[in-house]
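Just one chain follows, in the form predicted on its own, and it is written as structure tokens.
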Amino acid sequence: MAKANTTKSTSEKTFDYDVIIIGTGPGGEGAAMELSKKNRKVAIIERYKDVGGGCTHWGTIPSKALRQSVSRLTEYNASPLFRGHNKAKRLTCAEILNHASSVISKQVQLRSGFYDRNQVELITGDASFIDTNTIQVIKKDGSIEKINAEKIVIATGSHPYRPDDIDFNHPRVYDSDTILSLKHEPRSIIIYGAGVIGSEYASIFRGLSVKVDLINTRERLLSFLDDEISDALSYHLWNNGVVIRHGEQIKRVETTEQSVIVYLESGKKMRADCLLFANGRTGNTADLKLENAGLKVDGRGQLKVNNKYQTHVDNIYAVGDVIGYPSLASAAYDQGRLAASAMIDHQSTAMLIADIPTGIYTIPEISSVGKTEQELTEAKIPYEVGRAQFKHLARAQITNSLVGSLKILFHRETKEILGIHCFGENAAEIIHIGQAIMQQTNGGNTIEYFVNTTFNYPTMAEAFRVAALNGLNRLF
């Protein structure tokens, strides 16, 4: 279908495009695809040579590919079938990172095809604002192109926070982007920051038999999780040999040719082959010259938006990590799509779903949706708990994936499902079954669904039936 002609504003100004999008990560892609399907003329700007943004090149895709390889290696080494065999007992970081590179290439090829097929013009270069409707693009050859549009979407993502007093140019100091370019084989690593990224990499490096010190600036791991799930992760990391230091802050870092020494405010110090600094992220807004468009960011480089992802400058929208929470690739894509819908239909009331699933790719992985026990207790909602231990499931026994459990929280009177929390292999896949039921209306969301339906056997999904029966048996 042919694209619409250039548009005119109320002042009859003619624009090059209907919408310009800055950034080709999930948020930018979601906006571009929705606008294209609605016959809008769209340009999307990417500063790097390949599309996909940080999600594809430095974040979600490579780290999860890395995690998958390590998880399979751990599974292999733990299987009684292969004990005594030397094949694949140990893999190097370089070997595993090569696999991640192949996944990135496939994703880039796939996503480049999306823009080609949907007639979205891809422009490569560094974008910055000239005014509220005009963007300057500095290309790699130094040439400058100026383009304008009726509306603009900022989808530039985020990057790891780097404090000035730490030398990130040192070959033994990494952040969550540069760790994917690891050149040596560390025997030990200090990870500063025990959020999602830090916890994931603690699992990955421990799976490679690297000694791990995980420094947590808070008093418990991933405190936004249900307490039992957080405790399960802490125990599993501890049981696998990760040393977790809670409530600590870095005082200073010393580097040598072969090691890193970290001094903590508490007086502790530790040495390792390298440091992974994974404590916070900052929005990619510093180079956009937002002041030319009348925009300001907060202390973390993030923009404020309304429920239509519109900044206080009416024709400029922002989606994804650059607006902060929930900072998930899945949510960013939907934010882009919803922002596009709001541009097209000013009366649109479409919003993100209330219960966005969380996936944390530790080993084993974690996923949850809905309320935690502590939230329900604080709200004085009468709930009950149904549990299924993976070690009791036939499929888990067959695959030797015995670590983990599924927990369903439901209202004692109405049987409405209030939250689902899963720890174990394939948790991020399993959770979607429960999520689908939670989205049902007109009384369709009850724990009794899992008792009255028939599951394939043997499957991990059967955990829902086991947990439901367990929970209902607690009622009186």
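Numbers for residues come from their place in the sequence shown, where the first is 1. This structure is a prediction, so every number in the text was calculated from the model and none was measured.
Just so it is clear, the following notes concern the form predicted in complex with a small molecule, a form of the same protein that is not shown.
For the candidate spot formed by Y161, G193 and G301, no residue has a non-hydrogen atom within 4.5 angstroms of the small molecule in the model of the complex. Interface residue among D334, E200, D213, E384 relative to the small molecule in the model of the complex, by the heavy atom within 4.5 Å criterion: E200. The contact residue chosen from A427, V42, I417, C55 relative to the small molecule in the model of the complex is C55, the criterion being a non-hydrogen atom within 4.5 angstroms. Judged by heavy atoms within 4.5 Å of the small molecule in the model of the complex, the contact stretch among the candidates 248-256, 124-132, 290-298, 392-400 is 124-132. Taking non-hydrogen atoms only, G27 approaches the small molecule to within 4.5 angstroms in the model of the complex. Although the partner is absent here, E46 is a contact residue: one of its heavy atoms lies within 4.5 angstroms of the small molecule in the model of the complex. Although the partner is absent here, G157 lies within 4.5 Å of the small molecule in the model of the complex, judged by heavy atoms. Under a 4.5 angstroms non-hydrogen atom cutoff, the small molecule in the model of the complex lacks R67 among its neighbouring residues.
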